[in-house]
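Quick heads-up: it's one chain on its own, the form predicted on its own, in structure tokens.
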Amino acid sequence: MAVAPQLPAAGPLAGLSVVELGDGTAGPYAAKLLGDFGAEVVKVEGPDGDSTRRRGPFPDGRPDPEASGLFLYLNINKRGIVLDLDGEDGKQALDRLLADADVFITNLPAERLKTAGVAPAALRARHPRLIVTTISPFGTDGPWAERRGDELVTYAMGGIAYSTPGMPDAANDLEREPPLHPACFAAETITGLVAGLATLTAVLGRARTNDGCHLEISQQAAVASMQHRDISTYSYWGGTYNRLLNPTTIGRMPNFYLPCRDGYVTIPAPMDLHWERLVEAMGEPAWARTPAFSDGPARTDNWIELRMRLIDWTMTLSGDELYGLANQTQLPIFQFYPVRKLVESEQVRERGSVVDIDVGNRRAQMPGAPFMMRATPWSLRRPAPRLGEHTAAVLGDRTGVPA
């Protein structure tokens, strides 16, 4: 797989050595964030490889463990080795690798880490300067530590599934509207981001103390940490908060997700200035100047009628037309794009939010830098590794791979 050319300056994490023993999204994404900013990341896989190699999507829909789009995205900028951690040779090879590393990131189950000889306490005793980042569904020592969890379970138990029924962030019918989960690994991605940032914090701390540490990342807690609005509202209301679609949960009106002619848009116009611009954009309809919508409190009191009036208007226009009106009138109107249209949008292209890569024999695109730094930039330096591609180069003959 060819990648974009290397940028001229070294990344801000150049010289940081990271070993990743991960599977799926959370651990690999945390390590990817470090690798994309210059860290040298070695990905350790078992003989069967990371499960994302078999998840796809694949070019032309043909399964190929060396061309999974998800694997390639999560593991770009890494070297890859294969170790059989059920055998002593593999365990010893991993420990030698960790002896020279700065960071160890893993999201494998605690029992698996123990059998592989890399349980956090024992590992820290052998390598006191090592930063050990472990990711698990519910942490390692809390009341739910022994419970099983996955993407769907932790997404729900962290509260986001409850936060995303209906419009906007609320439900018309709590009993009948199901909780929602997007078609991606949202909880694992959030957790990978939290783990990556926590690891960077530990790297800065070690620069002052010369000591490593164990970072315990609970996937449920990472998801729950995104719920500031709901947690705060629930706390201040003394536990009476619910997610029914009403002014209490949504705020000053209008503040809606609304259908339009070819999709959906969101229209928040809570301030009088916004409302005046919205009325102008709608062509000064007579209803907008009636006492029922004369000020913020009135619009909030009459939010049901207001919503229906706005739908009557938005359904006459496309998302692009509404977005154009937003630019003309300086209104906060946001169109909901299908992925393909989003990738092709002028704003995404101008910001470099997606970059081109080769997947197999075809061109593809992946998300670009999460943020940019001019002096020490994000860069794509090497393609995701083929299974075991760098085993010999990294470990020589001490591979731990069965003959």
Partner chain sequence: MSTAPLPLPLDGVRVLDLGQFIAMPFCALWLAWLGAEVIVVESRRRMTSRTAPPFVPGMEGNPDASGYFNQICSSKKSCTLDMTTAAGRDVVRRLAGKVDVMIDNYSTGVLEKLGLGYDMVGKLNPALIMVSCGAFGRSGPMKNARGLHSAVNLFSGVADVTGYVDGEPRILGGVLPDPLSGTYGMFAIMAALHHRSRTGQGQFVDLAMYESMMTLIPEAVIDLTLNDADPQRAGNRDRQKAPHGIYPCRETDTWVAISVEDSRDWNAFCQAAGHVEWLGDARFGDVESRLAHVAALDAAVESWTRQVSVGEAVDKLQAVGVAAGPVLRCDELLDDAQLQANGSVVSIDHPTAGPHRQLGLPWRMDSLGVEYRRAPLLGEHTHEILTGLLGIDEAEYARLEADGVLS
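Positions refer to the first chain, counted from 1. All values derive from a computational prediction rather than experimental measurement. Between two forms, the rigid core is the largest collection of C-alphas that superpose within 1.5 Å.
Not pictured, yet referred to below: the form predicted in complex with the partner chain.
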| Leu317: heavy atom within 4.5 Å of the partner chain in the model of the complex? | no
| Does Cys184 reach the partner chain in the model of the complex, with heavy atoms at most 4.5 Å apart? | yes
| message | Since only the chain is shown here, I'm wondering whether Pro297 would be in contact with the partner chain in the model of the complex (any heavy atom pair within 4.5 Å). | response | no
| message | Is Arg147 near the partner chain? Define near as a heavy atom within 4.5 Å, in the model of the complex. | response | yes
| Partner-proximal stretch of 286-294, 221-229, 86-94, 111-119 relative to the partner chain in the model of the complex, 4.5 angstroms, heavy atom | 221-229
| remark: the partner chain in the model of the complex has a heavy atom of only one listed residue within 4.5 Å, and of Leu174, Ile311, Leu325, Met282 that residue is Leu174
| field | The single option of Val82, Leu98, Ala161, Leu278 touching the partner chain in the model of the complex, heavy atom within 4.5 Å | value | Ala161
| Residues within 4.5 Å of the partner chain in the model of the complex, restricted to 44-62 and counted by heavy atom | Arg54, Arg55, Gly56, Pro57, Phe58, Pro59, Asp60, Gly61
| said: Once the core is aligned, does Thr189 move its Cα by at least 2 Å between the shown form and the other one? | reply: no
| C-alpha of Thr329 moved at least 2 Å between the shown form and the other one on rigid core | yes
| said: Please state whether His228 has a C-alpha shift of 2 Å or more between the shown form and the other one, with the rigid core used for the fit. | reply: no
